[in-house]
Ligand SMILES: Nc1ncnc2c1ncn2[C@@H]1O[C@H](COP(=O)(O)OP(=O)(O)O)[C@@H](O)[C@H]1O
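Heads up, the chain below is alone and in the form predicted alone; it's given as structure tokens.
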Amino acid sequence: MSANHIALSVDSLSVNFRSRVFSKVKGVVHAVDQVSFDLGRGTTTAIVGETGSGKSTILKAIIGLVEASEGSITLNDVNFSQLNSRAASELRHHIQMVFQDPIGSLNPRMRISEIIAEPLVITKTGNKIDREQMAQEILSKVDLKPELLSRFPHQLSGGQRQRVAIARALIVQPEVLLLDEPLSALDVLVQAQVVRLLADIQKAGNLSYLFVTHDLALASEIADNVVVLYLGRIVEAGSVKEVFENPSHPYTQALLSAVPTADHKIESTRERVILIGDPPNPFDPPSGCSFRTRCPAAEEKCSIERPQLFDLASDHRIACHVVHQRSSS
């Protein structure tokens, strides 16, 4: 992917959290460990994996809610890590985030008009009349009626609150939208409506989406590319078509085998991959490949050397000793 077609680039990103007891460090969790990927302009990349895999932490590091321990985050060829806090904050206005829980991310004491216009106040955009007009315009783009502007968050439905959260993110006209499980708190019908809304907004504004989800069926529907995380590391990544049609890492195979399908014929013939055991303790991960303790194909090398990502195809990367050896022979 050429630089002109990249909206956001994450390179060797690591985020470490230290556990302290009476100010003494007792352990370190590598929540995100050397993660690299590019987000293309006008495209959607889905980040998938189990709870605790580091999906949301990546978004928080990009937006500046947690501090990156290593690596770089680049927007429009500008590296955030090389800027002072004020300059980085100004650049991050081009990146906005929609959180998982809309009721928790909206101030219950503010009216909807104030919530949506708040980013304009922070960025000192326009006067009060301008901001009110912009709030009405953005509300119509997310299919909400103007009379909702005078209400408080608790007076809206879950779907309406999430649309307000999306409107707030869009009002400063960002280039990149970070979406952290934005549909998980909604029922299926409302989920479908929000998915269509996001697709329409992306098409109209050439927005780029980084979409965190545990729902692989949803990822296959909305995303162009996918990043599969396990214990903070990328185990497989590439185009949705390539990864979902040719899953090569045992972890990806297990995740996809658990995705339900309405096709009885497919459901009755496909092989279900069941992982043994629970994810390892993040304070004490296994040596070598962190997935080896649950992997049905693990070999001796897997316990000694940590696998690195290699190109299985032009748009398909994987970190697995067994697959690497098989593809090289």
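All residue numbers refer to positions in the sequence shown, first residue = 1. Here the structure is a predicted model, which means the values were calculated and not measured.
Not on display, but discussed next: the form predicted together with this ligand.
K.L.:
In the predicted complex, does each residue in the set Glu50, Ser53 and Pro282 place a non-hydrogen atom within 4.5 angstroms of this ligand?
P.N.:
Verified in the predicted complex; spot residues all in contact, yes.
K.L.:
Please name which of the stretches 299-307, 34-42, 285-293, 54-62 has residues with heavy atoms lying within 4.5 Å of this ligand in the predicted complex.
P.N.:
Only one stretch passes the 4.5 Å heavy-atom test: 54-62.
K.L.:
So, Ala46 and this ligand: in the predicted complex, are they within 4.5 Å at any heavy atom pair?
P.N.:
No, Ala46 stays farther than 4.5 Å from this ligand in the predicted complex.
K.L.:
Examine Ala68 and determine whether its closest non-hydrogen atom to this ligand in the predicted complex is within 4.5 angstroms.
P.N.:
Ala68: no, not in contact with this ligand in the predicted complex.
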